[in-house]
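Next up is one chain by itself, shown in structure tokens, the form predicted on its own.
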């Protein structure tokens, strides 16, 4: 009894996964999710952040919980793909024996059933000996079909030819192509990566930041941005931006490429896309230093971050410790100054390019902090007149080891669809029967699909064979 119950459950599972209805349902679900993936911007696109900001807190939590911002890497999407793959495999295994049996079946050439109820245009009379006529028919058919079976039964001669028998496997070629695409997609999902990096002009990197991970990923080589250029339209919108990249392996430059929007480049299986750009402060600042003595002394200079410079009055040295394009996201360009006097402790303070604006925006008590006093070291006052700025290029970086399988599967799918929809397995019979003062020629055929095409072929064959035999007389 236990064995019977187990067998019933096994058969139920097999029937469930071998159902064509399940295939249709899974394809509909995939179509819906693909539409959602198009409507909802997927990470790491900047549009996804803007889309998320427009959602209510509850809706945002729901979208995040079911991973709609990165659905193609979600567990539920992978399960759908896995179910589709299992469904295709079981469907193919379940139906393949019947298809193989039809493929291997070799009907006899002397069958009369195909000739029942033939249209009038597929039967005609020719004069001459039946044997001579049969030999002429054989020569004609061999010029059109490859493998011919011939049989002589009584006063009749039969000819059978087949073509397109491999077209019965077209649907399995489509199934195989889908499986290859699915496997390629899963390989890319599990073993590929998708990250981003910003490279300042003139600098180089050897690691990228991955989505949803804090640990950077080492590339195994270095990428340097030699130059970044951007062209603008008259209205200020960017027209084209270009990154000139150099790739280094073990410290040696091995390749140089120009990267443009919609024109990615690939190096060692990793693809780089031009994604964004921006400006970042450089290492140099323009300073104005006023020394309040008997006569005010003012000098302007350019200072590089980290280098030490003597004060105009030789009271000590100063250096720029840090540069920030927008301190705390609201205070604008700033630089941290450190002064080491000949005698005394170190003095540190921030100086701002937009100091007058800050005085109007923030309370006086806040701005009276010693760290914000540009005159903290007497008798000097430091002014920030400008920051050196450099372009940085924003690159999207990914590696998809399954992409070659996806391409192979795509080409196989095209071939499979062509075989499935434009080819058919046809069997053509020609019967030469003895008649008074000549022979009767009958032409019949069967096809696993495209009956209209078969009818057209039989009609053309009848006309051409009739003309050939009458011309030979």
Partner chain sequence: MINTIILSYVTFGYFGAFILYLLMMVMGRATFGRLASLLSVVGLGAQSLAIILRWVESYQLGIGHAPFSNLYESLIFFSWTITLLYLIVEWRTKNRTLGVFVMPLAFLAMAYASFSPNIASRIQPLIPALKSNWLITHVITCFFAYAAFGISFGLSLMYFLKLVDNEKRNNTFLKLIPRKGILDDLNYQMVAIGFLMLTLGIITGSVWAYSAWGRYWGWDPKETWSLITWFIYAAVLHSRMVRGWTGKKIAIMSIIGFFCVLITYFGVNYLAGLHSYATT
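Because the structure is predicted, anything quoted here is derived from the model rather than measured. Residue numbers count along the first chain shown, from 1. Rigid core: the largest C-alpha set superposing within 1.5 Å between the two forms.
Another form exists, predicted in complex with its partner chain; not displayed. Remarks below refer to it.
- The candidate stretches are 376-384, 296-304, 245-253, 68-76, and the one lying within 4.5 Å of its partner chain in the model of the complex by heavy atoms is 68-76.
- Annotated contacts: 38, 95 and 406 all touch its partner chain in the model of the complex [non-hydrogen atom within 4.5 angstroms].
- Note on the partner interface in the model of the complex: the residue among 356, 240, 203, 127 having a heavy atom within 4.5 angstroms of its partner chain is 240.
- For the candidate set 191, 166, 233, 105, a heavy atom within 4.5 Å of its partner chain in the model of the complex is found for exactly one residue, namely 233.
- Proximity of residue 59 to its partner chain in the model of the complex falls outside the 4.5 Å heavy atom cutoff.
- In the model of the complex, its partner chain lies farther than 4.5 Å from every heavy atom of residue 64.
- Among heavy atoms of residue 398, some come within 4.5 Å of its partner chain in the model of the complex.
- A residue is said to contact a partner when one of its heavy atoms sits within 4.5 Å of a partner heavy atom; residue 13 fails this definition for its partner chain in the model of the complex, lying far away.
- Using a 4.5 Å cut-off on any heavy atom, the one residue of 158-175 that reaches its partner chain in the model of the complex is 175.
- Annotation: Cα of residue 101 displaced by less than 2 Å between the shown form and the other one, core superposition.
- Once both forms are fitted on their core, the CA shift for residue 144 between the shown form and the other one remains under 2 Å.
- Once you line up the core between the shown form and the other one, the Cα of residue 264 ends up 2 Å or more from where it was.
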